[in-house]
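Let's start with one chain on its own, the form predicted alone, as structure tokens.
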């Protein structure tokens, strides 16, 4: 019987997994049978997410991890492997935005803060996961899936958001390099680029009547994306169905980029 999307026996780690796109992915992964580890900086939201995910009947744990802090990521990955026994897929989803009035007013501090989470955090997270996966492969147990969550801002012109766009463009390039190097260990590396998704990060745009009038009609699906719209791609990338799929960029935007 063909059951490539059955994640029973697999463990997925999702950073920024206590809300938004991260929680949408974690929920689908748990429904497909995966054990879940979520990282988030808000302990209360972590606890709420754990309670929600446990309803699907799999093992779930959470840790308060700031992915911009290398030591926290190193310790967190070690603890996750120890607790769960193994990590089969990692979704480096944690990210932040930073609204500025113009490119000329982006401060060095704002630039570095965004990159510390969106670029450095992805690097630390996937590097530590790769260590675990490659060591396992050398012992005769190859395989694994590494996923970086980028943004359309990484491939399109992001006015007044160049620091954010640069951080997401870096993720796309990093993932391609990881895909080439780690394929020999059976480890896949892919990127997801969300479009306009209704999350806390986009609340200002959601509340802007001009944005709703000019931007949303440009989306062929004619609506904001939702966190649950990322469940399917998460399950696919965590599953054996994607065993030969690596180095790709999955744009999930309701058709925005092709219209």
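Positions refer to the first chain, counted from 1. In this text the structure is predicted, and so the values were computed from the model without any measurement.
Just so you know, the form predicted in complex with a small molecule exists too; it's not on screen, but the next bit is about it.
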| property | result |
| --- | --- |
| Residue stretch of 176 to 184, 76 to 84, 126 to 134, 149 to 157 approaching the small molecule in the model of the complex, non-hydrogen atom distance within 4.5 Å | 149 to 157 |
| Among the candidates 31, 61, 52, 202, the residue which, in the model of the complex, approaches the small molecule to within 4.5 Å (heavy atoms) | 202 |
| Contacting member of 106, 166, 96, 172, with respect to the small molecule in the model of the complex [4.5 Å, heavy atom] | 96 |
| Distance check, residue 208 to the small molecule in the model of the complex, heavy atom within 4.5 Å | no |
| The small molecule contact in the model of the complex: residue 67, any heavy atom under 4.5 Å | yes |
| 4.5 Å heavy atom contact, residue 237 to the small molecule in the model of the complex | no |
| Partner contact for residue 13 in the model of the complex: the small molecule, 4.5 angstroms, heavy atom | no |
